[in-house]
Structures are given as structure tokens and as C-alpha cells.
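Have a look below at one chain only, the form predicted alone, in C-alpha cells format.
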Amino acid sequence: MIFEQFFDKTSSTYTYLISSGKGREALIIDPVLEKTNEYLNLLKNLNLKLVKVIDTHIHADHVSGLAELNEKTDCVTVMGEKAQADIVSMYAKDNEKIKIENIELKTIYTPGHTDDSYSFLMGDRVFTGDTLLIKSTGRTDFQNGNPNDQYHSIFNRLLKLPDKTLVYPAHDYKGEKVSTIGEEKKLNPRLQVNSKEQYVTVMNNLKLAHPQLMDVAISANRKGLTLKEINNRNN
């Protein structure tokens, strides 16, 4: 299996490229617009055909590469059915399977960070978007975020996965690349609570500044803008 993890320093975003082998079909999770050529170069070098591209949710801190990759490769653009994004050509439901050649992901609806947040389970690993981060959790104070929903998503869905399940989030701000469900249960400070009410209190008192690109990114990601379209808007 080919598994590549990319990192965008500007937004601290992780992107994942997955394929069953050279010369086969591939999918990408949470692409960043400015990194599009990097993804395309790897696809070319490994003779991979990009078939599907997934965003775990509508991002607020960077512009997604979904539209650009769709324009360059004619791939299928995928998000969960709650997402309101013009570029999406395939909406995945909770527990629905997303397949490419020899690869299968199970969709898990995990709202809380946003109301359109989804995680994707692939065998021994889960891509958690901004719902469950490494030693942290995604903020819940905009885009219809809800700490009650996030508590359910984390404690009643993600933490029910086997402890050995690898956790690959959409962001990390400290350089950590992967965790496990077991490690998050033990070491994630936001999960050391005794009730949903305690978790809600923690999340409601974070007092974080909004992402710098929030207004630009959310609008661009909902409309599915390519780099050319963004440049035209700015000129």
C-alpha cells in the first residue's frame, strides 16, 4: 500500500494520499490548494490515477485543493452529506463505504467541530479531520460547532474503535504525525473528563482567536474555487 502524509506549514494541515500500489487508483484526503502541484508530481511519479478526493469538512484555515484537483484530474470530489459545498460530486452518508481499487473507507459522521465534520475509517487507521486531534480536539465555536455533539462524536463513536487504531488528524501544531485511540484515551487532556457537561465547559472556555483566513477560506471552500478563480477575484 502507498500511504503518504503531506504537511502544509502555513495552516499546519495534514493531507493524505492513499493507493494500493504503483500504477493503481489513488485518493487524497484534505488537500491544500497551494500544495496541488506537489500532489500531482507524486501521482505522476508513482503512475497513479487520482479517482477520489475527500474533505473531512469545510475548512476555515486554508483553501481546499478539491476544486483544483478536480479541474486537473477530473477526480470525484467527496464530502459528507451535511456539507454545503458547490464542488462536491459525491455526498457520503454515515456508515457509507467509499471505494477505489482495493481500498475501502467507512464514513463516520462526527459533528461538533462543525456540523459537516466526518471521519473516515480505513482498516487499522482513522482519519479524524478536526474532530479528534493529537492530544487535543477541534474547537467548537463557529460553523455551527457544538461541544455536546463533539462529545458524542468522540466518546461514543471514535473512542469505541479498537485502542490500536491509528489516528491521523487534519492538523497538528506541534509536529506530531500520528497517535492511537488508546493513547488519546490516556493522554489527551481534553478527554480527561467525567461527564459531557465537564467537556462542554472545557470547550466553551477556550477563548481562541479566529483563524486568519477564516472569511476567505470558508467562502472559497463552499463555492469550490480553483486557484485561477481566486486570483481573478483578487485582481
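Quick note: we count residues from 1 along the sequence shown, nothing fancier. These figures come from a predicted structure and were not determined experimentally.
Omitted here: the form predicted in complex with another copy of the chain. The next part is about that form.
At the 4.5 Å threshold, heavy atoms of residue 2 reach another copy of the chain in the predicted bound form. At a distance threshold of 4.5 angstroms between non-hydrogen atoms, residue 22 is in contact with another copy of the chain in the predicted bound form.
The closest heavy atom approach of residue 178 to another copy of the chain in the predicted bound form falls within 4.5 Å. Residue 46 belongs to the set of residues with a heavy atom inside 4.5 Å of another copy of the chain in the predicted bound form.
Comparing 195 to 203, 169 to 177, 28 to 36, 62 to 70 against another copy of the chain in the predicted bound form, the single stretch with non-hydrogen atoms within 4.5 angstroms of it is 169 to 177.
Distance criterion of 4.5 Å from any heavy atom to another copy of the chain in the predicted bound form singles out 124 from the list 74, 141, 104, 124. Residue 135 is the sole member of 135 to 163 found to place a heavy atom within 4.5 Å of another copy of the chain in the predicted bound form.
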